[in-house]
Ligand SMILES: Cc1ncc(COP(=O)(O)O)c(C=O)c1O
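Shown below, as structure tokens, is a lone chain in the form predicted alone; questions about how it binds or moves come after it.
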Amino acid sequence: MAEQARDDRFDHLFASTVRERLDGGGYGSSASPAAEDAVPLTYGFPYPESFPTAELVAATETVLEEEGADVLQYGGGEYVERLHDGLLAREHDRGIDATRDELIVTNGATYALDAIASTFLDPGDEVLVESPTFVWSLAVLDNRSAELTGVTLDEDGLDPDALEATLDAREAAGEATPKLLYTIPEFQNPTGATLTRERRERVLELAAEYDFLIVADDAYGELRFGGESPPPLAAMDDAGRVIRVGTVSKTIAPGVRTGWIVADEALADQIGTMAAGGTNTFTQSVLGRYFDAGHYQPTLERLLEGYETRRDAMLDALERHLPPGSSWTEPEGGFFLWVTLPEGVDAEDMLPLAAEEGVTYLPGERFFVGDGGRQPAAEPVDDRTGGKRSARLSFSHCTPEELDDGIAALARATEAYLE
């Protein structure tokens, strides 16, 4: 076969969602410039010392010794069920009285969201998302050919007035009610905002009134080191409209790739069918032993100390280094905060300069619904309805000293860009 300038001889075989991205369109572009010596404030990675390596080694040895070949066989052994027990116990601690039939264990939270999307979405179905929201969740929904509409959020999370206005406008135009609302109610990615209790109640009322389901992504809910948490949406839901997604990627380790879904049994039956097969039962067995041995809570408490130290270090560095006209969120948990730089800054355009100065980050524009979707009709709130001069900064991975260096580099880049 003859060589071609670009290896495009298979382009016509790709799905339409892939073909639309061949020239750089679509979601999922979250790379930063390669900068070997730059402080990476880009990705929400746990800090390396947080991983419970010794406990996971001990759990692996135990399940291999006690369950032998069963742990390596399809379906795993008894410790798979122990994991289910451990997850349900954690949910119960959050006020969610889920049963085994309402729990689905998955290969991570992203896989869980994809299983939910495949269960409910036909091509062209509407999904409401926070604006901004996690870029890879946008990519998952876009992969299912969903139409995405952004709904404004602020420091108190998703704005229910904006949500109601969006629903009313669609109804008045004769458009179908969206099937799903995707929200990150606790320490939202990318802003760090937490949805207040009052707003949670209103969102649940709107879900019942307009007949849609709420996908509540709770990746960060247990990582609170200040203030008090409102009840999870699922704990406040009496109508079975909340589909809850959890993960141990932030509280144990991302590499174990284990998440879960809690949903009304009627919904869980169908989601489970779409998510069937392919789960890593060996990893589930190891995690089952990890929970059974009582490692989860002590490790979580150590994590909270480490993340709080890092959050405080970043906030202190922002206060000392960033130029006038800058602002930022102050989350009480999670991995991220949202910084808005002075007027005149384009965070995307400034990224190569920032990398030269010694820091990388994710520009805010990447977290919004793209050109093919609809943005909220609202006034900017700290640049959160466009993201042009904003960035998501992660404090989870670096040391306090590195965080200070990174914010100082961001300040230098900002001043140089404005000059």
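Residues carry their position along the shown sequence, with the first being 1. Bear in mind that the values here come from a model prediction, so they are computed numbers and not experimental data.
Only in words, not in the display: the form predicted together with the ligand, which the text now covers.
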item	value
Contact flag, Y290 vs the ligand in the predicted bound form, heavy atom cut 4.5 Å	no
4.5 Å heavy atom contact, G221 to the ligand in the predicted bound form	no
Heavy atom of Y182 within 4.5 Å of the ligand in the predicted bound form	yes
is_contact(A109, the ligand) in the predicted bound form, heavy atom dist at most 4.5 Å	yes
Contact segment among 211 to 219, 158 to 166, 304 to 312, 272 to 280, judged by heavy atoms lying within 4.5 Å of the ligand in the predicted bound form	211 to 219
Selected contact from N189, T152, T149, T340, since only one has a non-hydrogen atom within 4.5 angstroms of the ligand in the predicted bound form	N189
Listed residue that, although the ligand is not shown, lies within 4.5 Å of it in the predicted bound form (heavy atoms), from Y296, W328, F120, F134	F134
Within 4.5 Å of the ligand in the predicted bound form, all of T194, R197 and R200 (non-hydrogen atom)	no
Heavy atom within 4.5 Å of the ligand in the predicted bound form - qualifying residues of 246 to 285	T247, S249, K250, R257
